[in-house]
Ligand SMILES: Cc1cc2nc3c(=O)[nH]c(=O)nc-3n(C[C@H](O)[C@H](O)[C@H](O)COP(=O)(O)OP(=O)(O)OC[C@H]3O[C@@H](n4cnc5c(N)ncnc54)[C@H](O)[C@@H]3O)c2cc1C
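The chain that follows stands alone, in the form predicted alone, written as structure tokens.
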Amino acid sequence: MLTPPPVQDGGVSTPQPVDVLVVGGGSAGCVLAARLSEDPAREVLLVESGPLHTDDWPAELLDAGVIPARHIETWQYTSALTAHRTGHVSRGRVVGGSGAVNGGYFVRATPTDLDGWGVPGFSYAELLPAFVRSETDADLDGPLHGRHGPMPVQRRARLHPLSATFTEACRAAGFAEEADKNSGGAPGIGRLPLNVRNGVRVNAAMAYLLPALGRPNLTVRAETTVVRVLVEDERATGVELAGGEMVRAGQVVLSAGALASAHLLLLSGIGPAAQLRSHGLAVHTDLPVGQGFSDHPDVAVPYTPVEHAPRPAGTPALEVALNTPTLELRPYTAPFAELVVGSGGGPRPSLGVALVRPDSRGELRLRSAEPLAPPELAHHYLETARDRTALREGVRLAYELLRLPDADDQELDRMVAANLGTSMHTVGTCALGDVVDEQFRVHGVAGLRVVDASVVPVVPSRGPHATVIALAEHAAARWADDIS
């Protein structure tokens, strides 16, 4: 059910609380709103600051051949990647979230990733049913793959020449084939599972939420910004919107993403006490919100292909990847100037080199108590010798596979320093165990939960999108008898 935002008067409160209020219409929020509203007795309200599209999607958000990270329907942040380099971070500001503006990469966290969390209820075996339930895999069958889920999963049958040449180079270098990157097997070179169908990037809004909009117990309020969670007597009772309206709810679920969910908790007096007090905020609960997040540092290595390879319409940005225990190498099918319009990327294609199990940990802090002021981000990349060595060796491997001239350590370090970026795979700002429990409940605040990338304790060795979808599926299933 769609409703326009009501007239907002300062301090006005909704007359009747909803059962569940989901803040944020990204990947996790769309899954939760759709799954929780399957019970007709449960009233669910989804609030999202960006627009809702039904049949009027912007072309860039549908085209899997571009990465619309600079689209008008995004949030734009900057981060101190290192003490000497600032990086750009983009997040989706649309119902569909960052899954509507990414590369369509849909690879699961590995058994080593999930079992390494050490969180009861979140092992690979325990999360596998949620992965399966979330997808329809067009290529593979069997107990590891879904056939009836909302998210379409498919691998490219015919590779772009840049992808095919890179694949052959990896084989020639002795890397193993990884025929199924969603099987939890040994890493290697293989085709990527993509949430792309007929050249269209299918986001969680399209897959989960839009088919559910006809339910009378589901309401979506788009273009509506939440500025804080209301906490009374150690319980979340609703949220305050920009403009002053109070929306009451029996349960509040933050699914605004790794940056915005943590930011909202801080604005609501939930976070490091000293930091909150320094901004004049009352402290409800002293928790390490925003502390110790992780992400994948990424170096783009440009090169000149032997032959010019035209790119057919709908060719995804990525089709294959080489995974090792410490690295992911991603051959993009076009220059960033073409893939990410407005990014200032160069005219040559590049091979992305990502460090997938970094030691580095970042920090998200309040810039001010003004809700619309963006938070301060610092990724603190490459602060350990191990990270510096591993990324340098990853770039060396890229040079070898691309048959670029040999380079010594100093030259490779200069390449890393000049081209270091972030994969924008931020997780862990509201980590399981530290900020939320195994039921996603925020410690010390009844009626408040967080479900999105922010709860992932450590960034998986594969991009987190498929894992976030599965976590939301897992949460909805576990809450079936817990939320009324």
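All of these numbers come straight from a predicted model, not from anything done at the bench. Residue numbers here begin at 1 and follow the sequence given.
This next part talks about the form predicted in complex with the named molecule, which is not shown.
Contact with the named molecule in the predicted bound form, defined as a heavy atom within 4.5 Å, is made by none of 165, 323 and 331. Stretch-level contact check against the named molecule in the predicted bound form with heavy atoms at 4.5 Å: of 439-447, 412-420, 35-43, 64-72, the positive one is 64-72.
Residue contact check for residue 105: one or more of its heavy atoms lie within 4.5 Å of the named molecule in the predicted bound form. Among residues of the shown chain, residue 93 is one whose heavy atoms approach the named molecule to within 4.5 Å in the predicted bound form.
At least one heavy atom of residue 28 is located within 4.5 Å of the named molecule in the predicted bound form. In the predicted bound form, the named molecule stays beyond 4.5 Å of every heavy atom belonging to residue 435.
With the partner removed from view, the residue among 99, 316, 394, 271 that has a non-hydrogen atom within 4.5 Å of the named molecule in the predicted bound form turns out to be 99.
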